[in-house]
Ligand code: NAP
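Okay, here we've got a single chain as structure tokens, the form predicted on its own, with questions on binding and movement later.
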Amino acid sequence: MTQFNDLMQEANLVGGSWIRADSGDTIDVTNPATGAVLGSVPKCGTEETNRAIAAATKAFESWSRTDLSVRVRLLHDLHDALLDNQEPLAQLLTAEQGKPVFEARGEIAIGAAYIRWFAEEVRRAKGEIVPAPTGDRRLLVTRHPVGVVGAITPWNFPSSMLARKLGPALAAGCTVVAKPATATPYSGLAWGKLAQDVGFPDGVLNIITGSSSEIGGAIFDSPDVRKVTFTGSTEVGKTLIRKSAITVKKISMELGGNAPFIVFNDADLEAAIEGAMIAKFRNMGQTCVCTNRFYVQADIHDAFVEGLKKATAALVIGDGSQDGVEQGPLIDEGAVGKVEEMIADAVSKGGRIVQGGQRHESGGTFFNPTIVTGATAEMQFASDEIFGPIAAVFKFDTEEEVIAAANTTEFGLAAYAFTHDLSRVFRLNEGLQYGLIGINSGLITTVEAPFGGLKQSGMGKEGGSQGLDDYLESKYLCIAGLST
């Protein structure tokens, strides 16, 4: 039986070969639950990245022309390999990232589902025949792979975020240079091993770990990289958008969020609390679609808080590899410090801690899931993304009031609302300035639907039929002189 150690790659994949950094330098990877060093990965930089880009550029010549049936078969084989290795991949993910293993299993499963979705969706990437203004012409619109893709992924979902990028890129006929997050590189490198095992040609997928500035700099400086897809903070995203202008790259950005979760008087309170727990505390609150702000209508505010407090107090905290654990550690001390700063800010401005509020007795980066009531717009978490286990509860009176409050942010990724008023649902869809809106559910991401935000939460979509568009270019072909 495969163990997660069998999937741990301590080298980088470039042009089909597993390499070390030219300098010999490495980066230690630490288990956030135990503090133990799992191993090390190469600290690569500009030169190694340029070689990966060259390998991807060379491979694009043939991969982009490979029969569609071959690309589809390889993607299906990759899907099967992911599920065949779901348990060791999940254990590896938990070891380097900290999330409970049941969540890690789900991440591997949805990553595989993205691969299968795009293997199927690429068959429907059709062109168009446009009616010509004269009878001696035929006008065609055809679609083609954009070229070499640079993919930069975060630490919070190190496997599924890469799946969202690899699936459409490989399906479309693009080749990829991927940079996983430094904190969680093994989940990304495992994709390289599995892709190689199922038969993807050398150079189609290249994976580089190391210096973010050097690897990112090489990707953005290279005219051979025609598209970059990035998931991360809005601050970094803005920098990368500016860099993309130098070579006019196609870009997609999945950036920060500040999700509101609105509970109206007519909501099913039990369902709202269940949805709140998923939307807030999944992955210890370290997701871009996690609830930042709970808005609860005045008449049910106290009942909602009491139910949320009871559910939060029952969460089992510990090493995510242990059975029954529901909350693992935060990723590092910086994340803990940010949570503590936000709690202190809220208390200083009149907020009341009704649950948690301090580090967990286990030490390390474990933190007690926290509820703060009396939240106001002046508090730090009203505008800044939390990325941690703080549930900030605001009270509101009217629908108009809460829609305005929910939109008072530079972000526009995800929003949630619980109500049984159908007319209100459509008003919320019109009024909320968010790319994803969940009604009566705290978990709405699915491979069949587009994932992406409005405003400063990014540009482009991942998933759905729209997720393939960013990896394809359209060409217009005019054929004249056809009259007899």
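In case it trips you up, residue 1 is the first one in the sequence shown, and so on. Keep in mind the model is a prediction, meaning the values are calculated, not measured.
Although it is not shown, the form predicted together with the named molecule is what the next lines describe.
Student: Taking the pose of the named molecule in the model of the complex and superimposing the surrounding C-alphas onto this chain, would you call the site open or blocked (blocked if 3 or more ligand atoms come within 2.4 Å of backbone or C-beta atoms)?
Tutor: Judged by the transferred pose of the named molecule in the model of the complex, this form is open (no ligand atom within 2.4 Å of backbone or C-beta).
Student: Among 98 to 106, 228 to 236, 304 to 312, 388 to 396, which stretch has residues whose heavy atoms lie within 4.5 Å of the named molecule in the model of the complex?
Tutor: Stretch with heavy atoms near the partner: 228 to 236.
Student: Please pick, from S212, S383, S362, T376, the one residue with any non-hydrogen atom lying within 4.5 angstroms of the named molecule in the model of the complex.
Tutor: Result of the distance check: S212.
Student: Taking 4.5 Å between heavy atoms as the contact cutoff, choose which of G188, G328, P369, G257 touches the named molecule in the model of the complex.
Tutor: Answer to the contact question: G257.
Student: At 4.5 Å between heavy atoms, is W155 in contact with the named molecule in the model of the complex?
Tutor: W155: contacts the named molecule in the model of the complex.
Student: Hey, in the model of the complex, does P180 get a heavy atom within 4.5 angstroms of the named molecule?
Tutor: Yes, P180 sits close enough to the named molecule in the model of the complex that at least one of its heavy atoms falls within 4.5 Å.
Student: Using a 4.5 Å heavy atom cut-off, state whether F451 contacts the named molecule in the model of the complex.
Tutor: Contact check for F451: yes, within 4.5 Å of the named molecule in the model of the complex.
Student: For L240, is any heavy atom within 4.5 Å of the named molecule in the model of the complex, or not?
Tutor: Yes, L240 lies within 4.5 Å of the named molecule in the model of the complex.
Student: At 4.5 Å by heavy atoms, is each residue in P42, A81 and L205 next to the named molecule in the model of the complex?
Tutor: Answer is no for this spot.
Student: What residues in 268 to 303 sit within 4.5 Å of the named molecule in the model of the complex, counting heavy atoms only?
Tutor: Heavy-atom contacts to the named molecule in the model of the complex: only C288.
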